[in-house]
Ligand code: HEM
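Below you'll find only one chain, the form predicted on its own, shown as structure tokens.
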Amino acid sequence: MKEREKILVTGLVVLFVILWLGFTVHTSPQFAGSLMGGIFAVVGSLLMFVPLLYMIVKRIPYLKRSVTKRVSMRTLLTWHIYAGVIGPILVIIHTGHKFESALGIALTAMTILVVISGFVGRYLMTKFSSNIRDQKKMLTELELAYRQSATEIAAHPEELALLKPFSGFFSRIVASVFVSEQALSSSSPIRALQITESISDLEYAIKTNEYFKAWFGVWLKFHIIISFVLYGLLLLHIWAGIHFGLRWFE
């Protein structure tokens, strides 16, 4: 997620939460059935179905090839993100903060869960991917530096004796505190030892980030499941509105 996009989407999510919390200070029983409330409901509902189109296109190869000839998946993802936040904002406004029926309460709760889980998951997935990419780049640079130091050590085997005072864990800690940076950098064996420790730390960090990224694969499945539950409730709400008579355009 780009920085500007992240700031804008974050602002929209905060606005969505504030609008939902508005029920603590405001309630308009008639607004949902008014013409303006109906317009908010129709536009918001249509926008909420845009993310469903993205999920379908992404998972059907033939459809994906046909659509991406005209629109990139990156653009579709952007539509998915913005429609997935703006639609719920309009729907929350449509309610007039009147949460009385079990269906309305369930639909509102599921909308909040889908929006928040989608935002958090998207941000964290991007963060983990970015961290892994940067750490792997650093790891490659350290491995090149280590090979260079190993070549220098091979040319001067007598310098290996310098490693003996720093072979223990506590000895390396003491060395990092009391030995000057210039002295450490001028010794190929000690520099190689520092590089191996940095490589070890980076490899651990990469594995940790990859673990959390894999865990968020489970989050993605959860997000998709609750999204379909939301669509089921939304369709039921639309059916109930039509069945019991729409007051919007009277």
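Note that residue numbering begins at 1 and tracks the sequence as displayed. All figures in this text were calculated on a predicted structure; none of them were measured in a lab.
What comes next is about the form predicted in complex with protoporphyrin IX containing FE, which is not displayed.
Between 22-30, 197-205, 56-64, 35-43, the stretch whose residues reach within 4.5 angstroms of protoporphyrin IX containing FE in the model of the complex through a non-hydrogen atom is 56-64. Within 4.5 Å of any heavy atom of protoporphyrin IX containing FE in the model of the complex lies no heavy atom of F212. In the model of the complex, G96 stays away from protoporphyrin IX containing FE, with no heavy atom inside 4.5 Å.
Taking the partner from elsewhere, R191 is found to have every heavy atom lying beyond 4.5 Å of protoporphyrin IX containing FE in the model of the complex.
Of the heavy atoms in L107, none are within 4.5 Å of protoporphyrin IX containing FE in the model of the complex.
In the model of the complex, K58, R59, L77, H80, I81 are the residues of 58-81 with at least one heavy atom within 4.5 Å of protoporphyrin IX containing FE, listed from first to last.
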